[in-house]
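In the form predicted on its own, a lone chain appears below as structure tokens.
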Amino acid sequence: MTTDISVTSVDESRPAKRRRSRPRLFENRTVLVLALLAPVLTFFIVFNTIPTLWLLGLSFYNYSLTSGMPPDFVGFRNFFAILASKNAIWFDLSRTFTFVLCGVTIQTLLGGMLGFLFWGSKKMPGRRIALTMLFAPMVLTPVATGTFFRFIYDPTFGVLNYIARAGFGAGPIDFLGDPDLAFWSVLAVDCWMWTPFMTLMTLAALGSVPTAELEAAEIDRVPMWRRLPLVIWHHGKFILMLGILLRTIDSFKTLDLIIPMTKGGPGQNTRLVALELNKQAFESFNMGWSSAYAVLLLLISIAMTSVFIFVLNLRRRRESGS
């Protein structure tokens, strides 16, 4: 009996552990989440939402910075003028869609082949150095890349013309001045610069494939042409399709590569929608017309992205249902 009393007295004499009290402000999980997201939301609203709303409002006005006149509300007149013009948007859109389709297709095919090459040769000597050199063009700024290739393409002292004369005996070729070659010369530079991005996305897609399924397919002696759709494509398609979507959106607004190389020439052969928008906004200072043009391009980009996401979700629903 005495022992119980002594134990009880000892236990009561111990100081109680103090609980760490959290500020009452953050006891609500919603308040904590909003507090953490506040800097990002503020940045997004100030630098994205407000300029977009300002752009949308300005598209309904006839306003030029050089006229000295106040903005004049014209409703949808700017949009009708752009859509009714034969050369303002339709020619630029056709060239832009050709540029996007050809560029993204070539980059996906080359990037996929390079990704498979590096994925299947993990023990290759110098693999890390080769990957570093391969990803180097993606790190360069497009303006610097365009300037470099303008000198490389130069018909007088360019490296390509030197190789053509020394190796094939061909005369000087004006890659950026010939209407038949300028568009494809710029496209080649874009592919050289962004094929490493698709290679990186291919490596990420291949890395998401479970090793157990690959080993099981190898044990069962499944040929590679059957492993691609059944195992590799099944697990890595969403990462690869995400890369294609990002490249499509980025290629649609190509500007900083065109300006140092051709400035849209010769004639209008390399004039893309982003270049025409830049010309109207920052050279002609026609802010109302250029705002309406930008809104139309934004709607086209949203439509393309929505269709792409809908197709991905549709395939995912079919696979989950099956």
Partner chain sequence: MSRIREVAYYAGLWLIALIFFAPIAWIVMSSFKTRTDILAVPPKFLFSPTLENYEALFSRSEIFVQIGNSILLSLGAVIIAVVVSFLAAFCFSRFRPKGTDFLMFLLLSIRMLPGPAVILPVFLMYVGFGWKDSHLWLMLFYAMFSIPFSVWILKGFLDGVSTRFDETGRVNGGSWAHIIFKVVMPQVRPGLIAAFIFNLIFVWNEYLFNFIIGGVNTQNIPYALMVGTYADGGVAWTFIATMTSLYLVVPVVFIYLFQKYLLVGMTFGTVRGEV
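Positions refer to the first chain, counted from 1. The term rigid core refers to the maximal set of C-alpha atoms that superpose within 1.5 Å between the two forms. As the structure is a computational prediction, the values presented were derived from the model and not from experiment.
Only in words, not in the display: the form predicted together with its partner chain, which the text now covers.
Asker: At 4.5 Å between heavy atoms, only one of the stretches 98-106, 167-175, 197-205, 76-84 reaches its partner chain in the model of the complex; which one is it?
Answerer: The contacting stretch is 197-205.
Asker: Can any non-hydrogen atom of Gly265 be found within 4.5 angstroms of its partner chain in the model of the complex?
Answerer: Contact with its partner chain, no.
Asker: How about Pro51: is it within 4.5 Å of its partner chain in the model of the complex, going by heavy atoms?
Answerer: Pro51: contacts its partner chain in the model of the complex.
Asker: Could you confirm whether Leu181 comes within 4.5 Å of its partner chain in the model of the complex, counting heavy atoms only?
Answerer: No - in the model of the complex, heavy atoms of Leu181 and its partner chain never come within 4.5 Å of each other.
Asker: Heavy atom to heavy atom, is Gly236 within 4.5 Å of its partner chain in the model of the complex?
Answerer: Residue-level check for Gly236: no, no contact with its partner chain.
Asker: Select from the listed residues Asn278, Asn269, Asn62, Ser284 the one whose heavy atoms reach within 4.5 Å of its partner chain in the model of the complex.
Answerer: Flagged contact: Asn278.
Asker: Using the arrangement in the model of the complex, list in sequence order the residues of 117-152 with any heavy atom within 4.5 angstroms of its partner chain.
Answerer: Contacts from 117-152: Leu117, Phe118, Trp119, Gly120, Ser121, Lys122, Lys123, Met124, Pro125, Gly126, Arg127, Arg128, Ile129, Ala130, Leu131, Thr132, Met133, Leu134, Phe135, Ala136, Pro137, Met138, Val139, Leu140, Thr141, Val143, Ala144, Thr147, Phe148, Phe149, Arg150, Phe151, Ile152.
Asker: Please check if Gly267 moves between this form and the one not shown, taking a CA shift of 2 Å or more relative to the superposed core as movement.
Answerer: No: Gly267 shifts by under 2 Å between this form and the one not shown.
Asker: Align on the rigid core first; then say whether the Cα of Leu101 has moved by at least 2 Å between this form and the one not shown.
Answerer: Not so; Leu101 is displaced by less than 2 Å.
Asker: After the core is matched up, is the C-alpha of Lys123 off by 2 Å or more between this form and the one not shown?
Answerer: The answer is yes; the displacement is at least 2 Å.
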